[in-house]
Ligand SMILES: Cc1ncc(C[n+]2csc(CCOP(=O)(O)OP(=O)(O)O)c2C)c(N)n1
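Just one chain is shown here, as C-alpha cells, and it is the form predicted on its own.
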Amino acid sequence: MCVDDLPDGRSFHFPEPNATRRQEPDTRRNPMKMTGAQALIKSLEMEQVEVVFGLPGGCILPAYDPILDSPIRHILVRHEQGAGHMAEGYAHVTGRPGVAMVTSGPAATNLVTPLCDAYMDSVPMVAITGQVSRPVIGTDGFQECDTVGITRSVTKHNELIMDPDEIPLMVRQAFHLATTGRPGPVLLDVPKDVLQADITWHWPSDEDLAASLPGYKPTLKGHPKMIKEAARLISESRRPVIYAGGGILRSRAAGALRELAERTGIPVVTTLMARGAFPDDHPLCLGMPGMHGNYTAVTAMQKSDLLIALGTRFDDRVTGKVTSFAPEAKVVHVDIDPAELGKIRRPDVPIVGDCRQVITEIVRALEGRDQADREEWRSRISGWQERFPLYYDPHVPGDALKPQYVMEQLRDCAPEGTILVSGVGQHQMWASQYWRFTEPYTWVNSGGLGTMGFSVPAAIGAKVGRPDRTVWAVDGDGCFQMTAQELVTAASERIPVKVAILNNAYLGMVRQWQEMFYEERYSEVYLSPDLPDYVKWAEAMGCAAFRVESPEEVQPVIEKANSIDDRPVVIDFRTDSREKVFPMVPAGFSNDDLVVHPSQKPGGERVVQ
C-alpha cells in the first residue's frame, strides 16, 4: 500500500490496484439486496468519506434518503457552486478527496465552475450529480442536461452510470482516479431510475478495479538516466533556483523538497499554489515569483542558469513573456503529468514521475558529488533582498486603512497553525505577499482559474476538514458578494470561519489595471463601500460582525474575532482604493520589465536590469 502522512496527522491509504481500502464480508454466500441509492451511499462509506457537501433536488432525491441512516455528515449548502468550493477547501487542507452531491440540470451546471477550478489546480474531488431517468434522456426532459458532455473538458474523468450494478465499481474508480497520478475532479452522473433500481451488493476487489482500468498506470518513478543527468546539472550550476509548484503539495513532497534545498544550498521560490511547501522563514526561501511576486524571486529566476522545476507548469503568470523567460537557464522539469513537459518551456532534462519519489531519487544521486561554488550567486540574491523588499507607504491620518497593514495584523494575531483562504484579486496577492507560511497545507486559494467567490465556501470546507485549526478567509468586497450566502450554511452548521473583507469599494485589480493601462478611465468597477451594509448582512446570516476604519481598531477587533468560536465572524475593513499591488509584471511583458513600488525607484520608472 502507498501510505502517506496527511496534514491532519492521520494516514490515508492512496488506492492502488493492489490495495484494499476496507475489508468487506464475503457477500457471495449471503447476497445483500439494496437499491442503487443505498449502494451509492454505502460505496462512499467504503471510501471512508466523512462529509458530503450538497443540495438535494428531484433526480438525486433517492440518494438523500439513505443518508439519514449513514454516518456520513451532509452539509446543506445554499448554492451548488458553494458545495464544489467547499469540497475543494476540504481537499486542500486534508489531502483527502472532497465530495459534492447535487441534482441534475442547473444544479450540475452550477457545479461546473468548481470542477474547472479543481481541474486547473489538480485538486482531488468527486462530484455526484443526479440525472433524469434513462427513458427520459434525450427527450429534453425537465432539468435534463448533458452533464457528462458539459464537464468532459474540466474533469479528469466522468461517467454516466447506466447500469445500477456498476455503481460500486464506478465509485471506487472515481476515488482511485481522483487521488492517484495527477489528482483532479471526477464526476459521476446517475439517472434517477438507476438510483431506484434494485441491485445485489458487491464491493469490487483490487483485481476488479485494476481490470476495469487497464490503461491507467501513472508513472511514479523517474527514469534513472534522467535522474543522473539532473544530478549532474544541479551539481555543476552556479546560479540555480528551485522552482517549486503545487505538485509538491499534491505529492506530499514538502519534506523531500526541504532536504534537496538544504543538501545543495539552492534557493527556493514557491509559486502561488505552493505557498507553504517551503517555509517562508527559511534562509533559502525567496518567496513567490510571478506577476506579483517579490523582486528577488522574479529576478533570481530570470538570471538563473538552472531552473529545477518541481510539480509546476510554467504558468503565464510566472513566466511573463515566455520567449524572454529565464533566457540563460537550463531546465530540469519534474511532473507526474507527461503532458506538462515541454508544453510551454522545453526542458533539458524531462522527468516524468511523482515529485516526492523523484526528488528523493535526485537527492540520492547527488550523494558524493561536489557542488559548484555559488558564493557570488548568494551575494547577488542577498543584494536584491536588501534593496527591494516588499514595501507600501505608511498610513497617513485621515486616509483609509492600508490593506497591506491589515494583512500584517491578521498574520501577527493569527493563532499558530491558522489556515488562510483567499478569494481572487488584489487581496489574494497581498495575502500571499504579507502572510508568513511556515507549514504546508495552510494556504487555500484558486490559482489556475482565478475564481472570484472562492474564498467563503472554500474556507467553510477547510474548517470542516480541520476543525482544530483557526480558518481565516480574506476576501475583496467584489468577491464576497458572489458567494457570501454560504455564511448561512456556516452559521446553521456551526462552522466558525472568520472572514476579513478588504472593502475598497472597487473591483480592485481591475481598477489597478485601468489606472495603469487605461489612463485612469474607471469603467464599471465602482461598487460602493456601503451597499450592501456588510455588518448588517453578516449579522442577518447569523454571524458576528464588525466594521474597522482606523489603524487603532485593527488589532483589537482581530483579537475579538479570534476569540469567537461559536459562529462565523465577518470584519468589514474599510481600505484605501488607491493602493496597488507591487511589484508587478504587466501582462504579456517580460519579467525584465518588473515594475516596483514608486518609492523604490525615483519617478516610479520601471527597473531596467
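A residue's number is simply how far along the shown sequence it sits, counting from 1. Just so we're clear, the structure is a prediction, and the values are computed from it rather than from any experiment.
The following text describes the form predicted in complex with this ligand, which does not appear among the structures shown.
Partner proximity in the predicted complex, defined as non-hydrogen atoms within 4.5 angstroms of this ligand, places exactly one of 194 to 202, 474 to 482, 248 to 256, 213 to 221 at the interface: 474 to 482. Note on the partner interface in the predicted complex: the residue among 95, 425, 290, 276 having a heavy atom within 4.5 angstroms of this ligand is 425. Put simply, of 141, 450, 529, 417 only one has a heavy atom within 4.5 Å of this ligand in the predicted complex, and it is 450.
In the predicted complex, residue 510 approaches this ligand with a heavy atom inside 4.5 Å.
Residue 506 belongs to the set of residues with a heavy atom inside 4.5 Å of this ligand in the predicted complex. Shown without its partner, the chain has no residue in segment 94 to 117 with a non-hydrogen atom within 4.5 angstroms of this ligand in the predicted complex.
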